[in-house]
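A single chain comes next, written as structure tokens; it is the form predicted on its own.
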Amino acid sequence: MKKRVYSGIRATGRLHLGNYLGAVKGMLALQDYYDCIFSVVDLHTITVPYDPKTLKQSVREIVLDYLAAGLDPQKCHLEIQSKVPQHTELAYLLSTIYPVSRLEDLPTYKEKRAQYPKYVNMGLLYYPVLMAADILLYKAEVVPAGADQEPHIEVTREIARKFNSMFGNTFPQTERFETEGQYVPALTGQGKMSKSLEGSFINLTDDLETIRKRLASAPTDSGTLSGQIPKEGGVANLFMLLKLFESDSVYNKFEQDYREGKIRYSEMKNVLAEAIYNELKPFQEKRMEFKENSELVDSILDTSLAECHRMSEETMREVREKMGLR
């Protein structure tokens, strides 16, 4: 049997380069060889402040991004998390065997608590348990995700081991699938590209002029420094993006310019903008085709969700029986 793969992205806006390189490229690499379920995790979306009036459309935008990026409904299943109620059922059952203290120690919970001090809710604390349920519901062995998600995947493994020891062998030990661009730097010069940090990202739907404007705001140094490229900050992030999107020869040219103190950042940013746009243009054209054919998209979702219901209910029947609930 093929290994099972699960991954999901929150519906907090259209996908950006970080999502594409950190998660979607991994999905594309896996769909030809594994049994894959790729989700829009809208239940995770509502753990932080959001607009309920736009959530449905945000979910749709991610579905269009998935299809345009190349996720093939003939090779994988596309899921909307809230449409499969077994996610929340399994999450509650798993929460009865996992300690609160472990969840409180997770770095992601501490970060979100600091980011939204007036919106600290049980859902935020519960997030890793629901994520574990998402993965274990389909008995997924592989999850394409960024390095920042490793603590959550470790929680998934811990919960699986605990359940197996208490109720008998049921769940596998999940592993993270690493992609080349698993860490995509923010344009702001600090941290990774994120939808929650304005000015840090480039959307997959941005045109060339928008990409140029976004890159133009990326911080640089005076351009007169020589020596090694910095390991952090705006210049380091620009070079990291250049490495991801341009050839070695182009990268080496700008690296040499930097070492010699003669780099022109306007030229570098323009070259980078062109490279990013050229990679995104086919995606944007395909996305428009799906957007204009809503009936096809609805049909794809209906077929995929029916199969997801079947697979998830199969797992839940086993879990309920082992936990003495049937």
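The numbering used is simple: start at 1 and walk along the sequence shown. Note that the structure is a prediction, hence the values are computed from the model and not measured.
One more form of this protein should be noted, the form predicted together with a small molecule, which is absent from this view; the next part is about it.
Candidate stretches 161-169, 246-254, 187-195, 67-75 - the one whose heavy atoms come within 4.5 Å of the small molecule in the model of the complex: After filtering at 4.5 Å, what remains is 187-195.
Give a yes or no for residue 19: in the model of the complex, does one of its heavy atoms lie within 4.5 Å of a heavy atom belonging to the small molecule? Taking the distances in the model of the complex, the answer for residue 19 is yes, it comes within 4.5 Å of the small molecule.
Spell out, yes or no, whether the shortest heavy atom distance between residue 148 and the small molecule in the model of the complex is within 4.5 Å. Answer yes; at least one heavy atom of residue 148 falls within 4.5 Å of the small molecule in the model of the complex.
Counting only non-hydrogen atoms and a 4.5 angstroms cut-off, does residue 308 reach the small molecule in the model of the complex? Residue-level check for residue 308: no, no contact with the small molecule.
Would you check, heavy atoms only and a 4.5 Å threshold, whether residue 98 touches the small molecule in the model of the complex? No.
Heavy atom of each of 6, 23 and 134 within 4.5 Å of the small molecule in the model of the complex: Yes, the whole candidate spot contacts the small molecule.
With the small molecule left out of view, which of 183, 109, 239, 126 would have a heavy atom within 4.5 Å of it in the model of the complex? Selected residue: 183.
Tell me, out of 272, 41, 30, 280, which residue has a non-hydrogen atom within 4.5 angstroms of the small molecule in the model of the complex. Checking each option against the small molecule in the model of the complex, the one that comes within 4.5 Å is 41.
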